[in-house]
Ligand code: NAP
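This document starts with one chain, in the form predicted alone, laid out as structure tokens.
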Amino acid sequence: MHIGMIGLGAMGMHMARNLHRGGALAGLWNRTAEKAAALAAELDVQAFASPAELARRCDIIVICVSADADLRAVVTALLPGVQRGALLIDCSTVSANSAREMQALLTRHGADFLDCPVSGGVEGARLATLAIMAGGKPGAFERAVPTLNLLGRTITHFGDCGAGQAAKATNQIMCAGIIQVVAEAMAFAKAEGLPLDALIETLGKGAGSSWYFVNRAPFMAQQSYPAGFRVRLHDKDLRICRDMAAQKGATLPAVESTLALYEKLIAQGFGDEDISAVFRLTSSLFANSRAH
């Protein structure tokens, strides 16, 4: 396999390293050229000058960018160099409609496209334990499996193009509720004066535990929110969920209430912190508490 990686953010950087460990990474491109050059030097691979140049040299291209507009821009830039029979694997979180648009565009150029959004956070990207949700043609998925195996542990084909994004939207709705509940619980525990580290260790093995609690409650205990998954990005994802639900005439209460919290955090300048920063707001529920 000759795989090119486009997008070297918090997730993409680790994904590129895992592709390299698998002996499959041919080179990189990133909007910030300096970041691509530094990682290319570290891994001894090529930093391509443009997406089109990368596409000319790679038969499989993995993309991980932030939003729908970024994906459209990357695919448009790839097209002059994309080879017939190439496979594009998009691990970004975008709308199902955008995924279908990109598939149609690439099909006209003789290439295949899979929407393969991922879940598992920066930790999952680093450890290659991501959950990967795929949508697209069965043959394209089978061809992609060896590449996806270098990136994740749980890989599922959900159906036609767009189905992967629908599965990821489902995940993001679940996260919306979990984020709020964990932040409220931790605010309660703090107000009760409980030793938070011991509480996390104990409840992390209980019935109410979750990946999010185990991996993000410690941020709340430390009142430090390094960007594992930024508020702005989950805000973007939940707006996609809102739009998808609206197309079916539904409103999702957990999504709406989480978006309201994110609006406050972004207005206060915390949009680039981890989503666990919701604890900043839930702590105020116990503003009159005497506990320390």
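Just so it is clear, the structure is predicted and the values come from calculations on it, not from any experiment. When you see a residue number, it is the position in the sequence shown, counting from 1.
The same protein has a further form, the form predicted together with the ligand, not shown here; the description that follows concerns it.
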task: Pick the stretch from 52-60, 236-244, 260-268, 38-46 whose residues have a heavy atom within 4.5 Å of the ligand in the model of the complex.
output: 236-244
- prompt: Here the chain is shown alone; which of Val118, Met102, Ala169, Ala111 has a heavy atom within 4.5 Å of the ligand in the model of the complex?
  reply: Val118
- prompt: Considering Val74, Val82, Leu150, Ala189, which brings a non-hydrogen atom within 4.5 Å of the ligand in the model of the complex?
  reply: Val74
message: If we define contact as a non-hydrogen atom of the residue within 4.5 angstroms of the partner, is Ala86 a contact of the ligand in the model of the complex?
response: no
task: Indicate whether the ligand has at least one heavy atom within 4.5 Å of a heavy atom of Val65 in the model of the complex.
output: yes
- prompt: Quick one: does Leu25 come within 4.5 Å of the ligand in the model of the complex, counting heavy atoms only?
  reply: no
message: With the partner left out here, check for me: in the model of the complex, does some heavy atom of Ala10 sit within 4.5 Å of the ligand?
response: yes
Residues within 4.5 Å of the ligand in the model of the complex, restricted to 24-48 and counted by heavy atom: Trp29, Asn30, Arg31, Thr32, Lys35
